[in-house]
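A single chain comes next, written as structure tokens; it is the form predicted on its own.
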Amino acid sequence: MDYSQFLMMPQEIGLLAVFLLVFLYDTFMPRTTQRALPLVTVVLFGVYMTWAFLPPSMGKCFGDMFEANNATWAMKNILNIGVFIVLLQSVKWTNDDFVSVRRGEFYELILLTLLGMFLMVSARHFLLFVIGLETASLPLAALAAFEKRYYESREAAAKYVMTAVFSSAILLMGLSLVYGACGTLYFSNLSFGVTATGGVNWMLIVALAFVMAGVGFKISLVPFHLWTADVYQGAPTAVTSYLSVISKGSAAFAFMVILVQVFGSLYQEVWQWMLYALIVLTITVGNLFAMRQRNLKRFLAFSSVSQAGYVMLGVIAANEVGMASMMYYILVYIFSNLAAFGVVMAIENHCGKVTIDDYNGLFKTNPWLAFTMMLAMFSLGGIPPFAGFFSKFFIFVGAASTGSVAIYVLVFIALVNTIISLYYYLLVVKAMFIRQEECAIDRFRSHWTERLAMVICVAGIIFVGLASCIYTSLTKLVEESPNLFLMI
């Protein structure tokens, strides 16, 4: 075996090094120093994240199963930013008396799931993709059940495990049909096999439907979203924020690579229309159910379902502009959604209140938290001049770049849903700033790590949209990545 192949995996190796250092600290350091573990993890991850921004190695390794290029490098760094914010937000919670016994496990599981997501992003063989998917999924069940003293947390873990098992079974059934039709699991070889079958191969169409259903569970696409609200509500808020952004971003990127590189020749005939229906259902159903929610975690769960539909607009474009728009959207969504979850987590850690009605008059008692939540809602709703407006603009442009009349109709439907979404996002702003009831949340000072995470998110919401060089750089990185869209 040529061990120099590991040089193609600098981000994965760096992440493993952080995992091992956290594990050794948690295992061997004396009990009196254990409270420092969250900050040690944040510092180690921050150092690794800085190193991960160094120019990437490009090429394939391990029998062409793993590929590193500019696009995968950029996507992994976007995920790193989100994980860093989640780690900051969770410092106070993991030092809670009940959680502190297992604080090391929390950080180790988070890092392990991120490693699985990295493998998904770079996988060019379905076996490696499934390994990455399961590495990312199974530890999340343990994380969902982390506060096992609460019935809701145990229920969330059980529902997540059941849906993960069924979605994996559906995905593997689809992959078995793909292998039966083409005789290989390499993405590049499969694309030639799909083309060589000629005409419409019904086995491949069924396989494609199974693959889309299996991955759709991970991204929370309708109708595969039914687990989302219950798991988000029952899981610890730190885990919910991680589930809502990081896992979706990695799965969406890998999903686009699979559809383009494996099933590219079936684009117009089959998977464009499958994805078309999923996008319309996901955006519309997510919006309609979000309007009915009073619990903020369920509210943000259905909001994330709707946002997943917008992310898929970049996938349906199936070109460089679409992928760059999708990556930019995920980056902005990380700042916007984690800002909202940061406020929810700070208030929940203080007094346990998580309903919209509890936030009535929040501006009077905690103006900084109200201001942060307001910016998050404005960005998620796509109100200019915040970053969410630019991310929606670019994702619409990316989808419309195909020039199809049907895609124009899809973009119009998404635009109408954006206007509808403003209603429920502004309900939260109305509660905080306009309602005159006495606030149920007293004045308090959040933990400094929570405040730092909110500052990072607010800066991202304000400046990422104005810094046009970010979107331009992502577009350039995608265009410089070889063979990403070879089969379109």
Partner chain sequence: MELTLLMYLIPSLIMFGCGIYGFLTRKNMIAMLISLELMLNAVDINFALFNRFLYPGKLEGMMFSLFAIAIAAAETAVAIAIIINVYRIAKNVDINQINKLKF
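Residue numbers count along the first chain shown, from 1. It should be emphasised that the depicted structure is a prediction, and the values quoted were computed from it without experimental measurement.
One more form of this protein should be noted, the form predicted together with its partner chain, which is absent from this view; the next part is about it.
Just one of G352, G403, G180, P385 comes within 4.5 Å of its partner chain in the model of the complex, counting any heavy atom, and that one is G180.
A single residue from the set V280, V416, I81, M203 has any heavy atom within 4.5 angstroms of its partner chain in the model of the complex; that residue is M203.
Screening 110-118, 374-382, 168-176, 242-250 for residues having heavy atoms within 4.5 Å of its partner chain in the model of the complex returns a single hit, 168-176. Taking the partner from elsewhere, every residue among A141, A158 and Q233 has a non-hydrogen atom within 4.5 angstroms of its partner chain in the model of the complex.
When contacts are judged by a 4.5 Å heavy atom cut-off, E134 counts as touching its partner chain in the model of the complex. For T284, no non-hydrogen atom is located within 4.5 Å of its partner chain in the model of the complex, even though that partner is not displayed. Remark: F126 counts among the residues lining its partner chain in the model of the complex, judged by a heavy atom distance of 4.5 Å or less. Although the partner is absent from this view, V130 contacts its partner chain in the model of the complex, with a non-hydrogen atom inside 4.5 angstroms. Scanning 296-335 for heavy atoms within 4.5 Å of its partner chain in the model of the complex gives just one residue, R298.
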